[in-house]
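Consider the single chain below, provided in structure tokens and representing the form predicted on its own.
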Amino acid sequence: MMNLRMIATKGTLFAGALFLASTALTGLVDAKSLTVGLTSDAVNLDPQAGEELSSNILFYHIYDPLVRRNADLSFGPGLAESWELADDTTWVFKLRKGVKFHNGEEFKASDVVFTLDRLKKSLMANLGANISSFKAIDDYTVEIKTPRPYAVLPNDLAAVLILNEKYVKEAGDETADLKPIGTGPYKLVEWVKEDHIALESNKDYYAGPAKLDTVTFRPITNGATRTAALLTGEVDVVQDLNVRDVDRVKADGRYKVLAQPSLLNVVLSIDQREKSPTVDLDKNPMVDHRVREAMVRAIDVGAINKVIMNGLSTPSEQYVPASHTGYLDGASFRDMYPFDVEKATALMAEAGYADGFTVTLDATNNRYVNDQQIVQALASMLGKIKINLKLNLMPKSNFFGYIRVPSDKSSLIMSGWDVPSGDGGSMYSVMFYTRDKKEGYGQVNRGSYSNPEVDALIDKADATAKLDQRDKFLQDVTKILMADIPMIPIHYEQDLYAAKTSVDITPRADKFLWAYDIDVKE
């Protein structure tokens, strides 16, 4: 455990002061504390204002869902003690009694109704796309109806975090974002943007107080700097350990390295519109399937894994991992479109683009592991088939707003997508469903892809209460998507953490670093 009172470096003076302040407030003499180095700061703390990993990690410390997603991606009771299907389209959720928000307000069904109503009007409306109505039966019972049988509603609700109606209405959206109130295991003490987020344990948490009394999250965007912060004792745990530092940290007996196969698929979204904003030709060449196939064949994912990722990534076979519904056994992008620059060059010529074209690639420089090096490699690889990439790199704090549908500024985007629900349909419905066709669908369709057959299959998947039927419909979607190539999957990251040996931490499958599950040995 860090002795925060002995730290005198600029980056951690605040932590010592915070420790003393929170100790005085809670009456603790020897409080357990943890400082975590994240790859970036949260963008927001309002769970309906958008999502990305750092924000999501903080959300689940401050708020709770009705249905909890466990570390192994199984689902269990959260703020709802139980739920049942009253008929094919009616779900009834029984809520926990005696749960308190951080402001002392009692959690009731009215808070769930308020949250769902606000969700429908928010940037996260896709999470409620398969909810047609909802109401409070009494203070501790909520009824939720779906427009058709929908087998995975509880999975969806694991991503819906419950807000306090009274607080949000009185404080307003801006204050509720900066000073959030939830029922979660930790309360916000302080958020100094781009410096730190400090939390203290919610001693009244319904599942029992956390083992750690205070937790501080520090955004450290540079991988080498994160490693240095760990090795000098400024932080106890780092997320996304620099792949080049793995052996170095392993060799130091004071620390341990933990690895977990990631659900995050790094992908290239390709604009499917006839006129694309950054392409230097009147007609968008990427509308032609032969050009998209050429792009896949020109990208050497094996070289990216070996040279840039130090062997710590897994080239993507499909859009979702093998553990998820919608995965198609035996199908692989790498088998369908093996790396072959000669074939890619021939396809470009066959499509009429032997002289190539120029297009801008939008990407982050601080969100994904070695993202800047990856896009530079992509520029080199695609350059061999005369696709000239102009790189538009930006921090994630700007990136997600820049690419947000329907901003339509982009022609080619490198981003990542994970599916912690374990259900491929939650990805397909927002990323590949035709935009502006159905409320809550196609909201993240950054390439404007549209295929009526895909839409129809997603509709069928969302209209069955049988998981095996849903899986079959989604597998059919996967088959079409792999043939159409609206998006190029690159690789799954390996979630790498490094921690002091005194920190008891087990990585989660969903990459959520949840302090409630962490302890520090004295």
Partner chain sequence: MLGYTIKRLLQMVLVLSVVSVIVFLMMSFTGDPVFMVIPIDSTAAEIEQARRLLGLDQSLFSQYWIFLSNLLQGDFGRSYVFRQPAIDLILERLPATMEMVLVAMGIATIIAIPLGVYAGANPNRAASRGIMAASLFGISLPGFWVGMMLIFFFSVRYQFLPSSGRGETIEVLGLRLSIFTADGWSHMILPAVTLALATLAIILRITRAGMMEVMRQDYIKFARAKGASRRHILFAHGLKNALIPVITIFGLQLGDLIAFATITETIFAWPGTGKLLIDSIYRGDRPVIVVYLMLTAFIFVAINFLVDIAYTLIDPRITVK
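Numbering follows the first chain given and starts at 1. Here the structure is a predicted model, which means the values were calculated and not measured.
We do not show the form predicted in complex with the partner chain, though everything after this point is about it.
**Q** Is the partner chain in the predicted complex near all of 232, 401 and 404, within 4.5 Å of a heavy atom of each?
**A** Verified in the predicted complex; spot residues all in contact, yes.
**Q** Can you pick out, from 393, 228, 259, 346, the residue that has a heavy atom within 4.5 Å of the partner chain in the predicted complex?
**A** Checked against the cut-off, the match is 228.
**Q** Could you check which residue among 96, 292, 218, 324 gets a heavy atom within 4.5 Å of the partner chain in the predicted complex?
**A** It is 218 that has a heavy atom within 4.5 Å of the partner.
**Q** At 4.5 Å between heavy atoms, only one of the stretches 154-162, 119-127, 354-362, 269-277 reaches the partner chain in the predicted complex; which one is it?
**A** Among the candidates, contact is made by 119-127.
**Q** Would you classify residue 106 as touching the partner chain in the predicted complex, given a 4.5 Å non-hydrogen atom cut-off?
**A** No, residue 106 sits far enough from the partner chain in the predicted complex that none of its heavy atoms falls within 4.5 Å.
**Q** Does residue 193 make contact with the partner chain in the predicted complex, using a 4.5 Å heavy atom cut-off?
**A** It does: once the partner chain is placed as it appears in the predicted complex, residue 193 has a heavy atom within 4.5 Å of it.
**Q** Contact between residue 202 and the partner chain in the predicted complex at 4.5 Å, heavy atoms?
**A** Result no; residue 202 lies far from the partner chain in the predicted complex.
**Q** I'd like to know whether residue 167 contacts the partner chain in the predicted complex, with contact meaning heavy atoms within 4.5 angstroms.
**A** No, residue 167 sits far enough from the partner chain in the predicted complex that none of its heavy atoms falls within 4.5 Å.
**Q** Does any residue in 159-192 get within 4.5 Å of the partner chain in the predicted complex, counting heavy atoms only, and if so which ones?
**A** Residues within 4.5 Å: 173, 174, 177, 178, 190, 192.
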